[in-house]
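Let's start with one chain on its own, the form predicted on its own, as structure tokens.
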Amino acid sequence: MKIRANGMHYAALNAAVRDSEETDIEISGCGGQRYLGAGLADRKIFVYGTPGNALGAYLNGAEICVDGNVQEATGDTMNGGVIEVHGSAGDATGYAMRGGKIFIEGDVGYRCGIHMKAFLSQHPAIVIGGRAGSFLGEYQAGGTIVVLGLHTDGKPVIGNFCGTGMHGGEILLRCETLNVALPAQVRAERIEGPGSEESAALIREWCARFGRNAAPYLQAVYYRLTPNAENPYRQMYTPN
């Protein structure tokens, strides 16, 4: 099914996607329509243009591929599925994400992965090709965030206050030197390679989706950020 979205109201566009009997849907001319794919489990959606806020909110197994940038709150509270962005993403990408995977070719804004969490087999992941803004992984309770640090133009791969309130999960930063101050409750470990097969698999998938050779990324230096065992936030959220 093909939908030309130019000037189409977001509610009408979402209804057309939701009510379609076809599983593969192509949307062209997207210009800020919100909530695309919200809650869907059985669609594969290709978007050309710039979707609005909350793309894939509560996504429950569908796959969304965007040829362009995305705005704020992409993957808000998503349960499962995949969001692939051939561009950059705004603030709060993966907000309260609790399952599935988000792959961003470019950069992300502030508060990516805020309140991200994991439970049993649900292990959400965000892989960012460029750099991340401040408050990456704020209050993170689970899951994995990877920042590959491409095209940073000499800037640090992350902004300020990374991992503030972090009490679970991990953040992997591909960089030779970590030249940004971290909150006291975050532990940073310099490692050769991504550190686990699960993280390596995420990086290989990111490379496959965006047409890159995985070898340089798998052999690079990373900083692995995890909550400090003495983290007061961890003591608040986990049993002693």
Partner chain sequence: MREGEFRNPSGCAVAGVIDRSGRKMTGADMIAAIEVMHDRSNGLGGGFAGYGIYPHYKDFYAFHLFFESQKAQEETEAFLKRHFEIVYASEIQTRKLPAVSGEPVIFRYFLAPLPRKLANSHLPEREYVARCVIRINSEVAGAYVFSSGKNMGIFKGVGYPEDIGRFYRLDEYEGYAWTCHGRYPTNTPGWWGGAHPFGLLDLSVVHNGEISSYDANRRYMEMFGYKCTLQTDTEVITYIIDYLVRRQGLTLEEVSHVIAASFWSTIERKKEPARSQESLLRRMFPSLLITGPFSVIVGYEGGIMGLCDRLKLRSMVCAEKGAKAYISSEESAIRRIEPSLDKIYSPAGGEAVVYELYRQGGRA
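The shown structure was predicted, so the numbers you read here are calculated from the model rather than taken from an experiment. Positions refer to the first chain, counted from 1.
This next part talks about the form predicted together with its partner chain, which is not shown.
When contacts are defined as a non-hydrogen atom within 4.5 Å, all of 10, 111 and 181 contact its partner chain in the predicted complex. Taking the partner from the other structure, its partner chain in the predicted complex has no heavy atom within 4.5 Å of any heavy atom of residue 152.
Looking at residue 196, you'd find every heavy atom of it more than 4.5 angstroms from its partner chain in the predicted complex.
A residue is said to contact a partner when one of its heavy atoms sits within 4.5 Å of a partner heavy atom; residue 69 meets this definition for its partner chain in the predicted complex. Its partner chain is not drawn, but in the predicted complex it has a heavy atom within 4.5 Å of residue 161. For the partner-free chain shown, 10, 31, 32, 34 of 10-47 come within 4.5 angstroms of its partner chain in the predicted complex, judged by any non-hydrogen atom.
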